[in-house]
Each structure stands twice: as structure tokens, then as C-alpha cells.
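Only one chain comes next, encoded as C-alpha cells, the form predicted on its own.
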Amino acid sequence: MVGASVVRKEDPALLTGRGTFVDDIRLPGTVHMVFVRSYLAHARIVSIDTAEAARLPGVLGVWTHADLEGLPATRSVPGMERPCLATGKVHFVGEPVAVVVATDRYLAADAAEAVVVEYEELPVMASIAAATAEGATPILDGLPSNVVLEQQLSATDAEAELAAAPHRLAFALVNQRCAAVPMEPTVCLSDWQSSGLTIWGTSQTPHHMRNEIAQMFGLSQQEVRFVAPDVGGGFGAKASFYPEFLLTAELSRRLRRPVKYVETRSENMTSMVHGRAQQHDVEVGFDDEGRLLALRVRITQDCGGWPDATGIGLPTLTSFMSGGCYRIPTIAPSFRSVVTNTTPVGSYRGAGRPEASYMIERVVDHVAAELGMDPLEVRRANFVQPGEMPYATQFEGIVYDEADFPGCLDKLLEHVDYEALRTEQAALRNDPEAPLLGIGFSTFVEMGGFGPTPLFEQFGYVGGWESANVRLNVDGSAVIKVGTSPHGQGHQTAFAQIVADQLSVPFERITLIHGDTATVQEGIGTMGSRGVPVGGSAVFKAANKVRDKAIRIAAHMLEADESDIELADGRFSVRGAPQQGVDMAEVAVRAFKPHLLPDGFDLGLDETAFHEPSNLSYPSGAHCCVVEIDRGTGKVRIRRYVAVDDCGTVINPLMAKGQIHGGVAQGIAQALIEEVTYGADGQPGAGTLVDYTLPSSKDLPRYETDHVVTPTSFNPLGAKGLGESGATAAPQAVVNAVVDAMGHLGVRTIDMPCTPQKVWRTLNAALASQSESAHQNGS
């Protein structure tokens, strides 16, 4: 089954409206919580008058921070923990100031409107520039400035190596702020009873949430049950801990009723963590052949109003991956994290690695333009070669696993007639009525299979392992329980394929249970492309333990040696005597008959396994984007997008293709369309989906995909993960293409998103500059 394009098990329910999202959960007596949110970006809270709201029909209570004394803050950098409700002052538009609970959601919303908050406005710093300007007011109390974390990740600043290089370039890049925009926003339902607390919530990490909540309330883990059903997409943003989880739990405890919170789309746009939001100051040294000799990158991260526990660590990942696919003798990354009066920033598909990939791939194209070389030749001159794998980077613990970077590019060029495209490009440039043609490449490597424990614990998790339990029922069917909790990835299908191969159980007879801490005792969660490499490896190990035990039973039943037992098509037989056999169901039944088993045999075929990765996995690939730019409007149309990925062993090519499509769509959208903006007063420019444009099918091309398969040796499946590769690869492929289309006019850079207006201005500025030069030269 592994390697087969099996249709997803989970889709019939989701496509027919039979999925169970958190808002679908109905409990008798449920009451509803609504926030009073700040409409100012930075202000001192003078007073909060809740009296009128509390008197309205159906209202059960109104609470401010002062009414919830003792409720813990959410974890972050020590000294920067975020309270559930603002205390003293607000830090960004949308920060919760008070909560109302009523018998009806709409009554609660009406009452929230009646809460009167008096503010004293403070200076707003809604950008890195404003927050780091001389004399800027510290946003977080007790800190001398808005730089909350600063770190150099290399022993050298690379100045000597840059100075010694034959050529040196410096430029700046912006990786703009993006919103995750999951189909279901943040929703939670808490029910605190005498036996303990149950929370249904939109989360990628139910066990992590259980552990956090239990610790915050001083409960045992057994007293807290966290359930994450179909959570409607996460894209990393649902890995963060939100105050809603804690508040609904506390108010359920106080009211002795289930309390539900359903975020509106507008709230989601300013409350759920945003992604990216990095600025890079880059310097690169290189020789005449385009070999990269030294790289210095200074990363500045916009943290938003509160440092998110996961978000604060993302510049570290950007630093670790700043060398990309290339052998660069000296890399000197450093970063600083800055708080601003904006929504907090956390993980978002790829989380830290797309930013690195965008940076280094723009570096390569800059170097090529400076030397007048083809961008592909610069890539080839610098690739880490297959024979050098595993490749230890200069960063401790960052060791690239098996990969073939040149092979991915070669495979890509089998699909792209590069020479013909360049010929067409030259012809179109000479036709003023024709669109400009651009060809962009992205050869990338990223991190997947998140663990190992020492790395993952830095983000606040108990470990970097994953757990799985596989049970064989007496009817020969199988049940898998996993700690990873999918939110669209297709775990039901992929894990069933793994077990079907190991136990020779029909794919249709395998069931997956996940996302409920009452039925799956331990897990970490789904993020960082760890579903198959880590969770799937745990499933593989658990299935093998069951298989080994079943073989012992079969050998006993067939009076043969275990080493002579073969399993095929659901039947155990003796090697060389295929007529002697028993099927899997017979073995499963026998597993519960102690008098017919070997002495000392543990009953049942039910095994649990953990997989602790010894190394991250490193998916890689080569993508090509061909764009056309309308000279009159600046609109960019993607004519072709070709992706060759290496995610190691491909469990299900159909799902792999879907993951690539989704990721590339997200990357194209970042390159061309999406951006969260703020005014100087901290007011969001993208508070609804009218203001924040998401891509439609008309904005996206048909994708052409292919694979190079280089299995990793660091997990038993050889799989590296794929969920974030498209979003990691696509932005620079598109931007490189846009810049390439205007390269003959001297254009070297353009910031994302490449909107028609921005491209039109860049194009016309380049034309004006060219005309001016011609005039000065008298031609």
C-alpha cells in the first residue's frame, strides 16, 4: 500500500458536510462567551464599566482581569507572559479587555457592546521602524526598549571573509506579515464537572494543550481531557496557546455550565497569530565564478504586541537554514525580535524556513545578475553534492540528511525547455504589445520531521517524540491510535497504508483514532511536517511489534519455528509449505486464549511504540515559475508552475500532490497577493476577507509535479515530510520570475506581494531610468 495513490479515507465525511468541527459540538446548558476587544493599538486602561452590560437579559456575568485574579498568564519568554485579559494597558487592536457570558451568543455580543472602557491613548508603534526609533516608548512594562531578544548565532560576523571576497553585495528583503485564515477560526467549548475538565478546541496539539491547562489549574493530566476533532485547518497558527482555552475553562468552573466561544472572522484576523513578519539585511561575498564565500544576514522579527512562545523562536530556524542548498564557507546570522503594537506573530506554514529559503534564493539571483551569469549556473556552482550527505552545517545539530540537490534541478529541467523559454523571452521583449516573460527558479531545502527532543523542547513541548498504538481486533481488523492530531493532512489514509503493509490487513479494515487525550494518552502534535516522519514512524514501529507477536502465535499454531513464518495476503504460512497456514483473524482470536498460547505470553495484539527522531528530516526540491507581466497594468499571470520535490519515501502520491498544490498556492499567494498591513495608528488594514485577499482558482495555475526519491536514513520509513515544502519553495520562484521579466531594464529587486500597482510602478520607474540614461548618453 505504501506508494499507492489511494483516495483519502477522511474525505467522504468532509465533502458531504458530515465532519465534526468544534462548533458542531452541542452540550445541554451551554452558555456563550464573547470578548470585549480593544479598538486602540496602545492605550492605558483608565476604567472599565460593566454595570449596564451585566444587567442585560440573558447575561450571566461580565469579567475583567481584576475579576479573575490568580488566573495564570500564557507562557512566553520569562517576564513577558501574556495575561488572558488586558491589565493596565492594551498592546494591539483586538486584544481582549473583558468577557461577557450569556445564554445566547447574540445576547452576549449585545452585552459586550454595552461595556464601557475608558482609555488613555499611548504612543503607537505599529512597525519595526517605529518601535526601534530613538526614544520609542517600551510597549512591555519593565523593559528598557522594544527589542525583547537579540542573538548572534555564529562565532564571527563574517566581516573579514566579506572584505576578502572578490565581489560583495548588500541588500534588504522584506518577508511580509501573512494571516493563516483557517476555514474554522478559533473555537472552544469547556465543560468543568466534578470529575474534571473537558475542552473541545481547535488545536494542532491537543496533548500539549492538556498539559498546559492541567499545569495552569493545578490539575492532574487525567483530570483534563482535550478533544480536537475536525479543526478546519491550522497552518501552524493553531499550535499556539490562546487565552480563550483558559477563559472558557475558568468561567465554566465558576458558572458550573459548559461555556463556548466561537471567534468571528474579523476577530480571527486580529486575534489569531500572524506569520512571517521578518526583515533581512543581507551581505554576500562571492568570486568571479559565482561561488558564495561568505553570507551575513541580520534578521529583525516583528513579534507583535506580545511575544508568542513559538513565534519568538522562529528567527532561530531562519538562521539555521540560511545557507539553503549551498556550501557556503562562512555564514553569520543574527537576529533581534521587536515588539510592536500589532497582533502577535507565531508559526505559519513552514515557520521560519520559508523566510530563509526566500532570502538565500534571492541572494543567488542577485549574484547571478551582478556577474551576468545564468541563475542556474550560480546554483550549480554552489550545491552541496549528494556524496557529501549527510551534510553537517556549521550549526550544531543541523545535519542535512540524504538529498540530491543537483538531481532535483536536472529533473526539473526535463520538464522545462529552458532554452526555448529564453528565446521566447527575448522575442517578447522586442514586441511592445506583448507581455514580458519571466523565468524564476527555486532550489530549496527545509526542515521536516520536527523533533528531536532537545530542539523541540525549546518551543515548550515535553519532547520531540511521537506515540502510536496499534491493536488487532479479533475479527482481523485493526485500530491505530496516534498522538499526532491532523487538521487536513490525511493521517487516516497514510497511517492505514503503513499498517496495511506491516500487518497485511485490508486498508478498508483499518481505523484511526486521534485528537482525544482520553483515548490517546500521549502525543505531541502535528506541525513541522512531522506527521509521517515522526508519527508515521511510531505507527510503523507499533505495527511491527504487533506483527512480531502475531508471528509467535502463528508459529505456535502451526508448530513451526518463528523464522519460518511468512505473512502475505492476510495469511501466515510456513515457508516452503504454503498449504500450512492460518489467517490473521484466527491469530487475533488465539491471542486471547491463554491455554492455547506459549507459556508466559502476554494476551492480546495491542502494542504501543514511541519514535524519537535522532535528526530532523530535510525535504528539498527544485521549482520553476514562468510568469507574464502585462506592461499596461503590471498584473502578473503565472503561465506555468513546475515542481520537483524530494520528500524521501512517498507514502501516497495522490496526497503528496495535494500537499504540494496547497503549499504552492499559499506560496504564490504570499508572492503576489497576501499581506497584513497596519496604519501608523496601529489600525489593521486587513480586518476582514474583503480587505485581505485570498487566492481563488483564477489566480492559480495548473501545477506540474514530479519527484526525486532520496529516502532519509534517519527514520524507518525513509520519509521526510512534505506539508510545508510548497510554501517554502514558491515565493522566491515567483519573485525571481517577476524580477527576471524586468531584468533587462535593470530591475534587481521587488518586495512581496508583487501587486499590479507595485509591479507597474517598478516597471515604469525602470523604463524612465533607462530613458534618462539614453538621453544623457545622447542616443
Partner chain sequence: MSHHKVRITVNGTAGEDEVEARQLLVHYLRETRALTGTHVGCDTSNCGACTVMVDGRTVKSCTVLTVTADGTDVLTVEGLDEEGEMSPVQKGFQACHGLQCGYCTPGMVMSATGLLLEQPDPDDDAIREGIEGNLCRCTGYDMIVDSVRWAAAHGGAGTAATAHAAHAEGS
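Computed from a predicted model, the values in this text were never measured in an experiment. Residue numbers count along the first chain shown, from 1.
The form predicted together with its partner chain is left out here; the points below concern that form.
Within a 4.5 Å heavy atom cut-off, is residue 194 in contact with its partner chain in the predicted complex? Contact check for residue 194: no, nothing within 4.5 Å of its partner chain in the predicted complex.
So in the predicted complex, does any heavy atom of residue 760 sit within 4.5 Å of its partner chain? Residue 760: no contact with its partner chain in the predicted complex.
Answer with yes or no whether residue 365 is in contact with its partner chain in the predicted complex, where contact means some heavy atom within 4.5 Å. Residue 365 lies outside the contact set for its partner chain.
Closest heavy atom of residue 517 to its partner chain in the predicted complex, within 4.5 Å or not? Output for residue 517 is no: heavy atoms all beyond 4.5 Å of its partner chain.
Which is the contacting stretch out of 430 to 438, 224 to 232, 332 to 340, 444 to 452, given heavy atoms within 4.5 Å of its partner chain in the predicted complex? Looking at the partner contacts, the answer comes out as 224 to 232.
Since the partner isn't included here, can you check whether its partner chain sits close to all of 183, 488 and 654 in the predicted complex (heavy atom within 4.5 Å for each)? Yes: 183, 488 and 654 each sit within 4.5 Å of its partner chain in the predicted complex.
Out of 593, 422, 265, 380, which one falls within 4.5 Å of its partner chain in the predicted complex, going by heavy atoms? Filtering the options by heavy-atom distance leaves 265.
Could you tell me which one of 204, 467, 666, 175 places a heavy atom within 4.5 Å of its partner chain in the predicted complex? The residue from 204, 467, 666, 175 that makes the contact is 666.
Which residues within 94 to 126 place at least one heavy atom within 4.5 Å of its partner chain in the predicted complex? Counting only heavy atoms within 4.5 Å of its partner chain in the predicted complex, the contacting residues of 94 to 126 are 105, 106, 107, 110.
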